[in-house]
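For reference, the chain that follows is the form predicted alone, supplied as structure tokens.
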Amino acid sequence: MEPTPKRRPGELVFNIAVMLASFGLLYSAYGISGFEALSAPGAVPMATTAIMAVCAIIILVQTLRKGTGGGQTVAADILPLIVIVTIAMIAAYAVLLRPLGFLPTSVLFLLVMIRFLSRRGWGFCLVVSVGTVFVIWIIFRLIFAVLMPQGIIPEGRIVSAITSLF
């Protein structure tokens, strides 16, 4: 017989958050059309979120049955600094994408993340981040004609100038 696994640090809080989010989504799905009919627009979202809420309750009960311990800590094993910085940078990217635009926000994001993760010099990080964003921009903006948030750089004029050359 296998020993019962111990509850990891933060597992209980995470499961409670998932359960609360499930009930929040269920309430939001109920707001679409309520319990009108099985073919109503909100029926599938309500069924899906109800299953999600039931599963969250089952997982929470299983988590509560586990014993604590295991010698792990949240800071070292669950949320180390690298994860926290990455989450913060993704949040900052999402906030800055609209006002600054795709090009400067992406270069800034990659510059900081490459510097943080690789510990290389600023020159290397700047060349890699600018080169990467430039290649991505050419592929998606020029070849596939995907619209990206323009921001402070007049991207439309640059694209029209480049396309007028060909």
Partner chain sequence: MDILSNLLIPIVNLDLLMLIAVGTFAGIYVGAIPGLSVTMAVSILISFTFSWEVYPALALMIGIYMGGVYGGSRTAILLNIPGAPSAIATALDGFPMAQQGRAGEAIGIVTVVSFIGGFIGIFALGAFAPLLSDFAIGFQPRDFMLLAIMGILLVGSLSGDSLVKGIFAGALGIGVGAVGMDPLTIQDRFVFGISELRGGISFVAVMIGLFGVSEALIQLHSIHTPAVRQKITGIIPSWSKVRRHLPLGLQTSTIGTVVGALPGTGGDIAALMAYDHAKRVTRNPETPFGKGAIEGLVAPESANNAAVGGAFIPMLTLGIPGDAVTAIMIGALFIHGLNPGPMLMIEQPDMFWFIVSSLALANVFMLIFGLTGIRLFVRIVELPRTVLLPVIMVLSIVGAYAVNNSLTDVYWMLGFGVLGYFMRLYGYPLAPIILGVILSRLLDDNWRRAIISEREDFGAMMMGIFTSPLSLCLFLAVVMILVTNTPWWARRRARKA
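Keep in mind that what you see is a predicted model, and the values were worked out from it rather than measured. Positions refer to the first chain, counted from 1.
Just so you know, the form predicted in complex with the partner chain exists too; it's not on screen, but the next bit is about it.
The partner chain in the model of the complex comes within 4.5 Å of a heavy atom belonging to G10. Contact between P149 and the partner chain in the model of the complex is found at the 4.5 Å heavy atom cutoff. In the model of the complex, at least one heavy atom of F140 sits within 4.5 Å of a heavy atom of the partner chain. In the model of the complex, none of the heavy atoms of T68 sits within 4.5 Å of a heavy atom of the partner chain. Residues of 119-135 placing a heavy atom within 4.5 Å of the partner chain in the model of the complex, in sequence order: F124, V128, T132.
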